[in-house]
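Starting off, we have a lone chain in the form predicted on its own, written out as structure tokens.
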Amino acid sequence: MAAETSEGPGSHAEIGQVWPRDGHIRILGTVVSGGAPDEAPVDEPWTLRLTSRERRKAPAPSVTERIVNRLKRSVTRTAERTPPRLYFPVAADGPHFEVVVPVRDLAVRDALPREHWDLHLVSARGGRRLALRVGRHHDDMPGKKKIVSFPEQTEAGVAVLPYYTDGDHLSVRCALRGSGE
């Protein structure tokens, strides 16, 4: 597989709107390169990739944990553990895109106590993999992490909350909630 690139300085997926409600996180935006909408065609449709910071670093389970997990899966007939990357289809019209992430897809059955998902639009162009970080940078409002807050949605005991990082990128935080919360 070819190495991923962001297509040069200033290339990213610029957020226009984020709508976390009704069990979904809806994101509308524009693919940007060099500060302007990127009209160049891509070789394959855009996809939103969410990458867990915690799952990719998680230590391998012990033999005992693997046996217990296998027993739980056989008894409950649930799927394998959640992968460190999740993918969602993106509707695109030229450089403009829209993607909807169902909260239930982030409220996974093997939820970690706290998990952070980083968002990238991925595709390919000219045989090179593209991975554009999703964020909001062209609004003359730096430091959104301390200014902008989104509503939390809860599904199956997991609170799901989009938020801006220190670099004004969009990420999603999930936190396992106890039965008393």
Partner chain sequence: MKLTYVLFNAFGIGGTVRTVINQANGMVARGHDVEIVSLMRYWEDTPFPLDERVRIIPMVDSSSGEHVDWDGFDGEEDTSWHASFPAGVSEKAEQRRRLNALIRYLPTIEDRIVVTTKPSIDLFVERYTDPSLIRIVQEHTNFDYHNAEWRKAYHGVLTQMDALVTLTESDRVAYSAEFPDLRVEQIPNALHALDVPRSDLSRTQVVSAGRLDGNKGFDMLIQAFAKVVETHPDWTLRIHGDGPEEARLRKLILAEHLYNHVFLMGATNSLDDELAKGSVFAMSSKSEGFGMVLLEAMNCGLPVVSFSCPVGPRELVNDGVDGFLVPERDVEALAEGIIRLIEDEGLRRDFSEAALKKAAEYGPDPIADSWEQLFESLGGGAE
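Owing to the predicted nature of the structure, the values given are computational and were not obtained by experimental measurement. Positions refer to the first chain, counted from 1.
The same protein also has a form predicted together with its partner chain, omitted here; what follows describes it.
Participant: Of 151, 41, 126, 113, which one comes within 4.5 Å of its partner chain in the predicted complex, counting heavy atoms only?
Facilitator: So the residue touching its partner chain in the predicted complex, by this definition, is 151.
Participant: Heavy atom within 4.5 Å of its partner chain in the predicted complex: which of 156, 36, 141, 67 fits that? Just give me the one.
Facilitator: It is 141 that has a heavy atom within 4.5 Å of the partner.
Participant: How about residue 19 - does it come within 4.5 Å of its partner chain in the predicted complex, if we only consider non-hydrogen atoms?
Facilitator: Residue 19 belongs to the contact set for its partner chain.
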